[in-house]
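Quick heads-up: it's one chain on its own, the form predicted on its own, in C-alpha cells.
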C-alpha cells in the first residue's frame, strides 16, 4: 500500500508524562483504519497529532514522503483533511449553511456550493432538513449534518473520533450502514477512533491497538481481532465478552 502519512519516532509529552511513543506507523491511501485501546491509551492524541491539531514533542511526520515541520503544516495540507467528532459542534444557522461552511471559507462560487450541498444532503438523507436550524436537530440528524460537512470538502483523509458513540442503537446502526456506503463510494481514506468493537469490526479494514501510548498490534481488522498478540489479548478479550464479531 502507498502511505499517505508516515510517523517516525513520534513522542508526545504533557506534564512530564509520555502520552505517545510510536517508533513507526503509517496511514495508507484508501484504507479505513480503526484505532482502539483502553481509556487513556492515547488514541485521541494520536488522531490530533496526525491531523496536525496537536504538535508532537519529537519525531517526524511525513506526508507523501515529505517531512512536515513541527507546528508548521501548510494550510494547503490542512485543507486536505477533515475531522468529525463525537459532538457535532454545529453552528447557529440552517443545515444548509452548516454543510456549506467549508466551501464558503474556501470562497467557492455560490452555484457550486448549492450543487455540492444538495448532493451531500441527498447522500446523507437530510435534504428535507435544509432550512431547519441545526441547533434543533436530533442526535442522529446532527451527526449526519456533521459528516456531510466533513465530506463536502472532499478530504484526502477523514479523521473521526467516536462520531456514533452518543447515538441510540437503532440510529447508530442506520447511520453506520449509510456512512460505510458513502465512504466506499467516495474512496476516502479514513482514520476512525472508537471504543466500540462492533463499530470497528463493521467499518474498518485495518486496525491498530494502542496500549500505554504505543501501537502494540496492527494489521487487517479480522486478523487482529481473531488473533490478538500477548500485548493486546487482555484488552480485546474483555471487549469480546460484550460485542459479537460477526460482520
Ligand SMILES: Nc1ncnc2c1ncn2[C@@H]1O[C@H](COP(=O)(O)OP(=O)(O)O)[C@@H](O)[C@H]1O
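Quick caveat: nothing in here was measured; it's all calculated off a predicted structure. Numbering follows the first chain given and starts at 1.
The next section is about a form of this same protein that is not shown, the form predicted together with the named molecule.
- Just one listed stretch, out of 43-51, 177-185, 217-225, 59-67, contacts the named molecule in the predicted complex at the 4.5 Å heavy atom level, and that stretch is 43-51.
- For residue 236, no non-hydrogen atom is located within 4.5 Å of the named molecule in the predicted complex, even though that partner is not displayed.
- A residue is said to contact a partner when one of its heavy atoms sits within 4.5 Å of a partner heavy atom; residue 38 meets this definition for the named molecule in the predicted complex.
- Although the partner is absent from this view, residue 22 stays clear of the named molecule in the predicted complex, with no non-hydrogen atom inside 4.5 angstroms.
- Along 74-108, no residue reaches a heavy atom to within 4.5 Å of the named molecule in the predicted complex.
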